[in-house]
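Okay, so here's just one chain, in structure tokens, the form predicted on its own.
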Amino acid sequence: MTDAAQSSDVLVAYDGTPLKQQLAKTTRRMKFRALLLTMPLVLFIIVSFVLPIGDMLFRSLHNPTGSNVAPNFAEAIQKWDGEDYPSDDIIKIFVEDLATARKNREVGKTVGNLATRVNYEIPGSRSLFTKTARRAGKITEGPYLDALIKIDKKWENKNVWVTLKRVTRDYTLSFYLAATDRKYDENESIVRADELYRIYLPILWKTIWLSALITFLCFIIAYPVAYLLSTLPLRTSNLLMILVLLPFWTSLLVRTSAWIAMLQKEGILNNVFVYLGFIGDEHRIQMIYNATGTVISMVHILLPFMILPLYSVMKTIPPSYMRAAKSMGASNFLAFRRVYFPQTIPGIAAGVLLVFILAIGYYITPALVGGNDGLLISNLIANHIQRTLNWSLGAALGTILLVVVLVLYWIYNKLVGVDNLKFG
């Protein structure tokens, strides 16, 4: 066969290029256009989620406070084997770095920053560093350890030097240990924290328990409401749906403040109970600034997020299915259990997932109505970020909460299946 005959068998486009090559070029152009269309969403996800989460993970491990304040000592102390005390040369470098830090007072590099960092590991040690830094400039000759002991006898405690070696590393797991109520001991072994400081794990379990309880109560209340909305005439159901959506049109702070007025001892609900004779005036119920107030107010706030997925699924179930089941001899309960309820499971799964994830990370409502008993782990995270400025511990707690949610989501996916969710 000649070359002319072979070329005549190749399909070409209008411009003479091979059709296969032209199709590949067109496909690449379409993929590029699709990428440009999705680029704003990709950038939004990166800026709003990926970068903040990445920064949180980084801060939970990275804390250069020690090396910023005492850079020379941070390098020298790592050569110490941990036996006995550091050499006099290392302690001399420490004294010089303290004096320099007190003299320069650069932002983020003051002795107070180092004192705060060590105080996370050894509570009550902050004054040791601030007092020593004031006199460090007067120490001109060794032995330097004896000079420090004259300033404060706490320098005899070997654990202080072991802690200094640890906190002058830029990367550490100390904050994850603190977030799980553990710490390093003098031998660098991981042990449980003192009972007084075991607060984070109990609050984490309480957060999971209260979130599950709130989700369950939302389901119990939302299911009959969604069923009623799906079976009523359209005009009536639309009117009731406005009442369901009404909380979305009201400020969250206003709704939470309203619950404070209703649930307090001298509030509306207690006054009604006393008026009806359910309780005596001297036995008013404490329903605010505790876990009860948190549960009640959060159920009210999150209830629409359970009703809407249920309603969207129930609305698509033909009423003829129930009538057919009854016509074949099934009772109302059996028809509901075998025919109607299984078809609503996708809506239940969607509502449960939505409400639980929102509840486990809620912050404003527990902060206002929870008191000490109704606080969630999110409130502790916010406290470390805003007040104590222990960003690394706050980041570690946030990372642990993220991991817990992902694990629960994985279990949920195995039991229910994300493919079965229906939000509308």
Partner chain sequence: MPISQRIKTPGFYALLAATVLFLMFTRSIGGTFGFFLLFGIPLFCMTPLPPYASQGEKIWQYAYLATCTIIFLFLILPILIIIPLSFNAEPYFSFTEGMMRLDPEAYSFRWYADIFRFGMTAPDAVEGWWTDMWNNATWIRAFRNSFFLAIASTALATFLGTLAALGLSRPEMPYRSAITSLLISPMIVPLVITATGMFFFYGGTMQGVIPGYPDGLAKTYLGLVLAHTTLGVPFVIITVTATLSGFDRSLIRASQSMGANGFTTFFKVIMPLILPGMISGALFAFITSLDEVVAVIFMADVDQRTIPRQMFSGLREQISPTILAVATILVLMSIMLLTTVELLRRRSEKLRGLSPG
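Positions refer to the first chain, counted from 1. C-alpha atoms forming the largest set that superposes within 1.5 Å between two forms make up the rigid core. All figures in this text were calculated on a predicted structure; none of them were measured in a lab.
Beyond what is shown, the protein has a form predicted in complex with its partner chain; the following relates to that form.
Novice: Any chance Met30, Trp259 and Ile307 all have a heavy atom within 4.5 Å of its partner chain in the predicted bound form?
Specialist: Heavy-atom distance to its partner chain in the predicted bound form: all three under 4.5 Å.
Novice: So if I measure heavy atom distances to its partner chain in the predicted bound form, which of the stretches 97 to 105, 136 to 144, 117 to 125, 272 to 280 falls within 4.5 Å?
Specialist: Contact-bearing stretch, as computed: 272 to 280.
Novice: Among the candidate residues Ala193, Leu201, Ala212, Leu228, which is the single one with a non-hydrogen atom no more than 4.5 Å from its partner chain in the predicted bound form?
Specialist: If I apply the 4.5 Å criterion carefully, the residue I get is Leu228.
Novice: Any of the heavy atoms of Asn68 lying within 4.5 Å of its partner chain in the predicted bound form?
Specialist: Residue-level check for Asn68: no, no contact with its partner chain.
Novice: Considering non-hydrogen atoms and a 4.5 Å limit, does its partner chain approach Tyr289 in the predicted bound form?
Specialist: Because a heavy atom of Tyr289 falls inside 4.5 Å of its partner chain in the predicted bound form, the answer is yes.
Novice: With a cut-off of 4.5 Å between heavy atoms, is Gly361 one of the residues that contacts its partner chain in the predicted bound form?
Specialist: Looking in the predicted bound form, residue contacts with its partner chain include Gly361, since a heavy atom lies within 4.5 Å.
Novice: Classify Ser378 as contacting or not contacting its partner chain in the predicted bound form by the rule of any non-hydrogen atom within 4.5 angstroms, answering yes or no.
Specialist: Residue-level check for Ser378: yes, a contact with its partner chain.
Novice: Which residues within 212 to 249 place at least one heavy atom within 4.5 Å of its partner chain in the predicted bound form?
Specialist: Counting only heavy atoms within 4.5 Å of its partner chain in the predicted bound form, the contacting residues of 212 to 249 are Ile221, Pro224, Val225, Tyr227, Leu228, Leu229, Leu234, Asn238, Leu240, Ile242, Leu243, Val244, Leu245, Leu246, Pro247, Phe248, Trp249.
Novice: Answer yes if the Cα of Leu36 shifts by 2 angstroms or more between the shown form and the other one on a rigid-core superposition, and no otherwise.
Specialist: Moves: no, less than 2 Å.
Novice: Knowing the Cα distance between Ile411 and Gly347 changes 3 Å or more in the predicted bound form, does it shrink or grow relative to here?
Specialist: Closer in the predicted bound form, by 3 Å or more.
Novice: Is the CA-CA spacing of Ser48 and Ile208 tighter or wider in the predicted bound form than here, given a 3 Å or more change?
Specialist: Farther apart, by at least 3 Å.
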